[in-house]
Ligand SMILES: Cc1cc2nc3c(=O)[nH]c(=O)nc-3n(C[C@H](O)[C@H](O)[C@H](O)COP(=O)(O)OP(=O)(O)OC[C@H]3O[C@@H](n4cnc5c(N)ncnc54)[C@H](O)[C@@H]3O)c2cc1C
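The chain below stands alone and is given in structure tokens; this is the form predicted alone.
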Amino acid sequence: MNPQKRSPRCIVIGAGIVGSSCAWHLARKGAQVTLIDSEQPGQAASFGNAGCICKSSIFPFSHPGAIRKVPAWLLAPNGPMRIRWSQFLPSMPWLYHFWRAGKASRVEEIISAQIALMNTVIEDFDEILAQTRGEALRKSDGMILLYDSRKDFARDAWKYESRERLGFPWQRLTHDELRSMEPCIRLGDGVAVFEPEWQHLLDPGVATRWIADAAFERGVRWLNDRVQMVSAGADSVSIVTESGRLLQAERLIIAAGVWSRALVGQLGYKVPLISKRGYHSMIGQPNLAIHHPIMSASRHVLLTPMQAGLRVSGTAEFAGLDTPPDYRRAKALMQNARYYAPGLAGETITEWMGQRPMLPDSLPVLGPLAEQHNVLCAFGHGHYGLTQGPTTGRIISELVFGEDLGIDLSPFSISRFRSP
């Protein structure tokens, strides 16, 4: 075998959970890897997410009738979605693609693609956490999903019918069962569902940092720099950084989250990737004990017990990448959390905002560019970046080394957005 084939030179842009997993898997197989990011590993979206690993999260955010809910969401002060007026017109193409993704036939295609990608996420986490000290950060306690009313629950009936058909376990809890599992939670006349297969990380940022550290121990080179330009020829790829470095390699992996849009744009591709901002409030030493991740399907808030306290996360905000955060969104999350946990407080409450890389059909872009096959995409995972990070890293390494993927990547191709 050609030594270059055994040890290809690769550049990975982005040191979140996806990029760090790519670097780890590539180095494990003998690639010469440079990992580059303007932030330290695990310090962007991978730092502040809800921390959940959810194999059964296969349903797209767009589905028949979903687009009709958007105006009401936008008008509600504490609604689950907000578009800043400066982003209203720039968001229109994304919302158009979102509407198209919600057709019944397309939803079934998206679900099938997500099932294929989610199939090995637990095993891929098993592997990477076992070899990066991260296993101590994982809990496998399931998740409780709350609905404020039976009417809200009935709207999601199609999802539970799909779960039954696909073999994903779930259980409707009686109020006594909910009280025994989470004594602090008040639900009134609502409905509670338990999904036993959910897992969560006690600190997703630290877990990502440990994956990156393990990659560095395998010889991955780290560059704390910002990529300004990318180019690709028939046999090589190049990047130029903000500090003036020129790097060349055989393969380029773009795993830069929402910033990936600009990078593929330099290579001639348009992709409807948008920043769907998420917020969290982190409660240090909370006064109430929460034992499981608890998600409200009615109020779009998620409570996750973590090492540093209780993370209250959620909401979606469409805003420019450089627009200052609006921490009223984080405060609204606390109000919604207190609906279920009256009096919830703590010694400290810190607020955070991160940029989710969201595509309108809820599927990532994964695989080579149509014209530049030595450029591999690994971005746009949206709400499922943490869940799909290690799996994406494995798939990227298999592409680089020409191995059997065991999955059809055509549903994840950038070409689905009519690239040139």
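Predicted, not measured: the structure shown is a model, and the values here were computed from it. Residue numbers here begin at 1 and follow the sequence given.
This protein has a second form, the form predicted together with the ligand, left out of what is shown; the following refers to that one.
Ok, Phe194, Tyr339, Trp259, Tyr269: which has a heavy atom sitting within 4.5 Å of the ligand in the model of the complex?
Comparing distances to the ligand in the model of the complex, the residue within 4.5 Å is Trp259.
State the residue from Ile395, Ile36, Ala31, Cys377 whose non-hydrogen atoms include one within 4.5 Å of the ligand in the model of the complex.
So the residue touching the ligand in the model of the complex, by this definition, is Ile36.
Just checking whether Asp225 would be counted as a contact of the ligand in the model of the complex - the rule being heavy atoms within 4.5 angstroms.
Judged by the heavy-atom cut-off of 4.5 Å, Asp225 is in contact with the ligand in the model of the complex.
With heavy atoms only and a cut-off of 4.5 Å, decide whether Gly278 touches the ligand in the model of the complex.
Heavy-atom contact with the ligand at 4.5 Å: present for Gly278.
Using a 4.5 angstroms cut-off on non-hydrogen atoms, would Thr387 count as touching the ligand in the model of the complex?
Output for Thr387 is yes: heavy atoms within 4.5 Å of the ligand.
Taking the ligand as it sits in the model of the complex, is Val301 in contact with it (heavy atom to heavy atom, 4.5 Å or less)?
Because no heavy atom of Val301 falls inside 4.5 Å of the ligand in the model of the complex, the answer is no.
Is it the case in the model of the complex that Gly16, Pro357 and His381 each bring at least one heavy atom within 4.5 Å of the ligand?
Checking in the model of the complex: Gly16, Pro357 and His381 are all within 4.5 Å of the ligand.
When the ligand is placed as it is in the model of the complex, which of 347-355, 362-370, 22-30, 59-67 ends up with heavy atoms within 4.5 Å of it?
Checking each option against the 4.5 Å cut-off leaves 347-355.
Does anything in 263-277 come within 4.5 Å of the ligand in the model of the complex by heavy atoms, and if so which residues, in order?
The one in contact is Leu263.
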